[in-house]
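This document starts with one chain, in the form predicted alone, laid out as structure tokens.
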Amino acid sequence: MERDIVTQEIRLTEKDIEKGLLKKEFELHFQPRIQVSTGKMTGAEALLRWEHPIYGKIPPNQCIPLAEANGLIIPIGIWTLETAFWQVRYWTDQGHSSFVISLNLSIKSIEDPVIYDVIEKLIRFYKVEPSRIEIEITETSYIENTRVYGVVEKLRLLGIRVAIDDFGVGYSSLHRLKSLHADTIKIDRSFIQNIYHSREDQVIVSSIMHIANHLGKRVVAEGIEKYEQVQVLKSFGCHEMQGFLFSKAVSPDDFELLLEEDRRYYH
């Protein structure tokens, strides 16, 4: 019986994705990214949220695979980009002009030529500095699909920043860092969780930091939940971090309040 209920919910969710886009049931929430050296917010990661009228909150790990399976991942990617650009333009007009918004795009979206055209038009329409937008691509997707390399280079020529997400999970060989044509490396939370007492994790993260710095790449640590993690990352010279220690992903209105506070998240 439980399997039938889950199956029914998934089937209904598939049917409702397009309706959800049309009825504006989707929203971007924003999780702050904090500069390690100062404790100040430098930007945020935009995360998809869907409030279904019947089932309530639909988690991304359920709706994204469904969207990929039924061909709606491209419209979702376009909506995400348009919303992020609009939001950056709006906040810039409110006087907040120095932060970066990063967002995840599926590999299918990255591969689709229409996405590049959309980004190019959004830059012109909203007059947003391209470097204010960062596209995140998982390391596994980047390495396993050589067609992505060309798209990444075109995006970077536009001025869009590119980040490699979940670094170290799929291909932990550090020599791969030199072949990743990206601006930012996001270290997966699995290496950060126990970094304050795991010698092995400390060696891995410090090695990534050392190589990334010499290659001119920024490093962001994900999944920060304890101040002890911050202390270790600070000693390694890590650039930025994000996690529940500072803030969960919040609504656009709540994120705007954080921008206006302009506070230090630790001292």
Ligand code: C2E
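None of these values were measured; they are calculated from a predicted model. Numbering starts at 1 and follows the sequence shown.
The same protein has a further form, the form predicted in complex with this ligand, not shown here; the description that follows concerns it.
Novice: Only one of 197-205, 44-52, 212-220, 232-240 gets a heavy atom within 4.5 Å of this ligand in the model of the complex; which is it?
Specialist: That would be 44-52.
Novice: When this ligand is placed as it is in the model of the complex, are 35, 134 and 185 each within 4.5 Å of it, taking any non-hydrogen atom of the residue?
Specialist: Checking in the model of the complex: none of 35, 134 and 185 is within 4.5 Å of this ligand.
Novice: In the model of the complex, does residue 87 have a heavy atom within 4.5 Å of this ligand?
Specialist: Result no; residue 87 lies far from this ligand in the model of the complex.
Novice: Would residue 39 count as a contact of this ligand in the model of the complex, using a 4.5 angstroms cut-off between non-hydrogen atoms?
Specialist: Answer no; every heavy atom of residue 39 is more than 4.5 Å from this ligand in the model of the complex.
Novice: Given that the partner is absent here, does residue 139 sit within 4.5 Å of this ligand in the model of the complex, heavy atoms only?
Specialist: No - in the model of the complex, heavy atoms of residue 139 and this ligand never come within 4.5 Å of each other.
Novice: Could you tell me if residue 180 has a non-hydrogen atom within 4.5 Å of this ligand in the model of the complex?
Specialist: Heavy-atom contact with this ligand at 4.5 Å: absent for residue 180.
Novice: Which of 101, 110, 162, 73 has a heavy atom within 4.5 Å of this ligand in the model of the complex?
Specialist: Only one listed residue qualifies here, and that residue is 73.
Novice: Sequence order please: the residues of 186-203 with a heavy atom within 4.5 Å of this ligand in the model of the complex.
Specialist: Read in sequence order, the lone residue that approaches this ligand (within 4.5 Å, in the model of the complex) is 189.
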